[in-house]
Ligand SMILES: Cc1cc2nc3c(=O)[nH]c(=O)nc-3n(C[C@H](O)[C@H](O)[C@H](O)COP(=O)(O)O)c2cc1C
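Take a look at this single chain, the form predicted alone, given in structure tokens.
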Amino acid sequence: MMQTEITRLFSIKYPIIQGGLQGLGTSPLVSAVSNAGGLGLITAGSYEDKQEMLKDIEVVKKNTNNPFGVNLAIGIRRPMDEFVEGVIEANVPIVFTSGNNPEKYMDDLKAAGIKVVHVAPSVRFAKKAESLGCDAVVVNGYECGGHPGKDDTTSLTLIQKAKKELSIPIIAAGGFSTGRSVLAAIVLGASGVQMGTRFLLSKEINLHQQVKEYLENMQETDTIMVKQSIGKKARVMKTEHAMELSHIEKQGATFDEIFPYISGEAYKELITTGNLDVGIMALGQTIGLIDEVKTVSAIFEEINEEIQLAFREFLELRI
């Protein structure tokens, strides 16, 4: 497997980072990703409070000797102050931030010796993260699950643009789930990739089996953009419920009418009970390339084999 700036920065075997998965980025998945040689990320927003997160961090530490980190979504659902405190208390070596500007936390995180990576949907925001002292940046392309930003720029363009204008390592997100896509990201200028959708179909993730079975049969066209009317555009799994949300938004629904569809409680019911008639779940277009639930270790083995095959095919080309 190739070594890159990202594998060296995080002391990991593969340049693959697990995405911040609300309610799902918890110890079983995080431990499995780190044990497989990638970087697992605890998702702080999955926990009621700092103490609950700290308990799960201890579980990760017991289950893996490899590096892992914490994802902090700033200003998305609730304040992250206590979770930043928890990260520092637990001596977590790596933090990924997303959402709003992480500037208010940078001094404390850097003083604790923590490597900080910010997720940005545009080169403009990525350059701001670099100026704040971030050690690396994730550039989030239009194909991604969740929030792609306002510019609708695909990963194919965004990675190359970021490579031209940034000096810190770049991690590509949005459309990456296979070995071929990892290799493509590296060729385009990234030093690693972040995958969220791929791990939804892992055996270790705490996602209801009924949702996994639904995902197994989905294609790249089976996502839908919602929350556009409130300025928080998100790509989500296409269900009857999500399409209904899209419809009422187009009809001019108020926030009070939209809220039951997007509330945290509705989402929690979806992922824990498998009820597809409530909530919405972030999902990237790359779901069309995934059709089987596998262990995380098997996913990494498959990705590595695909990289080797694609690289051999490239070497055989006559240029």
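The first residue of the sequence shown is number 1, and the count goes up from there. Note that the structure is a prediction, hence the values are computed from the model and not measured.
Note that the form predicted together with the named molecule isn't included here; everything after this is about it.
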Which of 32, 60, 282, 270 has a heavy atom within 4.5 Å of the named molecule in the predicted complex?
282
Between the options 121, 175, 192, 102, which residue brings a heavy atom to within 4.5 Å of the named molecule in the predicted complex?
175
Looking at 178 to 186, 222 to 230, 82 to 90, 142 to 150, which lies within 4.5 angstroms of the named molecule in the predicted complex, counting heavy atoms?
142 to 150
Decide whether residue 299 counts as a contact residue for the named molecule in the predicted complex under a heavy atom distance cut-off of 4.5 Å.
no
is_contact(residue 15, the named molecule) in the predicted complex, heavy atom dist at most 4.5 Å:
no
If we define contact as a non-hydrogen atom of the residue within 4.5 angstroms of the partner, is residue 73 a contact of the named molecule in the predicted complex?
yes
Taking heavy atoms and a 4.5 Å cut-off, does residue 286 contact the named molecule in the predicted complex?
yes
Even though the chain is shown alone, can you say which residues of 183 to 202 have a heavy atom within 4.5 Å of the named molecule in the predicted complex?
194, 195, 196, 197, 200
